[in-house]
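One chain follows as structure tokens, the form predicted alone.
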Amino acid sequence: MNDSEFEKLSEKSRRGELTPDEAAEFRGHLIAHPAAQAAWEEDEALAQLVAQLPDAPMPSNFTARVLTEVARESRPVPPPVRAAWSGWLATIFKITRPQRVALAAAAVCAGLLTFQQFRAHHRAQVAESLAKFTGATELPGVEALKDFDAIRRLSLLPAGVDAELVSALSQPNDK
């Protein structure tokens, strides 16, 4: 007896529908296969425990809930909403979905490049206005800015520290 036949017989046995010949064949298979017999005994013990459980209380609106769910599932599903510009492009230009995706990606890239150019132009304008304000003919190089972090940290110190530093540096050296 193969596994599928054994499963059919075990299911019939659970429902109490075995004929005498099938019952004999089923018992013979259980005797020949101890692992199958152990699994069968576990299933039977579990079925007895489940049968001893009290029935779950039925909610008073069970029928109404079931009918509502059936009605909800039987309603036709509306078609997905498409963007207006997408349908317009597809209709006028006869383009497919992958082509629309590529077109959208190209538009995003063009927008990003335009934004980068705007930022570069804005930075150049700020640099020019700074040069005009300071009266410099050209902007300072990297050498002038290499100690920027140290200078910035000095500006974060309390105001009294700078006065002390100036007074300490202005006193004559007695040594």
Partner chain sequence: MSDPRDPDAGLMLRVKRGDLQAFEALVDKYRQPVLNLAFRIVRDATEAEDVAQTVFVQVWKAADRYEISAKFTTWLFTITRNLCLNELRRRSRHPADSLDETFADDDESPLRQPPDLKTCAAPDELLHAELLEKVEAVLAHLPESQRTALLLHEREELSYEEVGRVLGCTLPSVKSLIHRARETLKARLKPYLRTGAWRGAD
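Treat the numbers as computed from the prediction; the structure is a model and nothing was measured. Positions refer to the first chain, counted from 1.
There is another form of this protein, the form predicted together with its partner chain, and it is not shown here; the text below is about that form.
- Though the partner is left out of this view, F62 does reach within 4.5 Å of its partner chain in the predicted bound form, counting heavy atoms only.
- In the predicted bound form, no heavy atom of T114 sits within 4.5 Å of its partner chain.
- Within 4.5 Å of some heavy atom of its partner chain in the predicted bound form lies at least one heavy atom of L49.
- Put simply, E11 is close to its partner chain in the predicted bound form: some heavy atom of it is within 4.5 Å.
- When you look in the predicted bound form, the only residue of A110, V70, A120, A32 with a non-hydrogen atom within 4.5 Å of its partner chain is V70.
- Within 4.5 Å of its partner chain in the predicted bound form, a heavy atom is found for not a single one of L18, A23 and E25.
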